[in-house]
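Shown below, as structure tokens, is a lone chain in the form predicted on its own; questions about how it binds or moves come after it.
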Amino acid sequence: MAKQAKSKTTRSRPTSRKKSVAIIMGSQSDWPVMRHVAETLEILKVGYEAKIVSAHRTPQRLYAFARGAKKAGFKIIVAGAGGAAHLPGMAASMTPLPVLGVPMNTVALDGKDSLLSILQMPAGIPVGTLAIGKPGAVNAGLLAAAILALSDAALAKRIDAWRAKQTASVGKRPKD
């Protein structure tokens, strides 16, 4: 049973790289969006670990994670949250690592509440805020990789190749 419970809170993909990026989210319901961060990092061969760390329901887990993230070897945290969306800001308040926030789409306000909660941080507690939902998750993965690529020439080449492929995929004329 302990293994089953762990699989609900932690997910990682084996890669040839150390797990440099922590992907955290407030609940399992955030995974359909946050998996796009993971998929982007996988394409670029960047190691990551994904965890459920709720600011409201598991505050002690959040505290332990955020305080220990740097020592655990993470370089960047990507945090997805919806509604009150305290997770990115709370994590940023407890770690020196860069935190990228991905607002979740919400039923009540289409994610605008999440966006504003993550965006409007007090001076001194920075959170890099991305777009709501899947576009923000993909861009968070790309931004995390770009930050890591500042000191990793091989990763920089993989990002360049990804961008070239994206550019080449755009047609010159519309098709019927």
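Note that residue numbering follows the sequence shown and begins at 1. These numbers come from a predicted model, not from an experiment.
The same protein has a further form, the form predicted in complex with 5-O-phosphono-beta-D-ribofuranose, not shown here; the description that follows concerns it.
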From K112, R67, R57, K45: within 4.5 Å of 5-O-phosphono-beta-D-ribofuranose in the predicted bound form by heavy atoms is R57
Here the chain appears without its partner; judged in the predicted bound form, the stretch of 37 to 45, 124 to 132, 22 to 30, 139 to 147 with heavy atoms within 4.5 Å of 5-O-phosphono-beta-D-ribofuranose is 22 to 30
Checklist line | Partner contact for G82 in the predicted bound form: 5-O-phosphono-beta-D-ribofuranose, 4.5 angstroms, heavy atom | finding: yes
Discussion item. Please tell me whether any heavy atom belonging to V78 falls inside 4.5 Å of a heavy atom of 5-O-phosphono-beta-D-ribofuranose, as the geometry stands in the predicted bound form.
Written reply: no
Though only this chain appears here, would M104 touch 5-O-phosphono-beta-D-ribofuranose in the predicted bound form if you measure heavy atom gaps against 4.5 Å?
yes
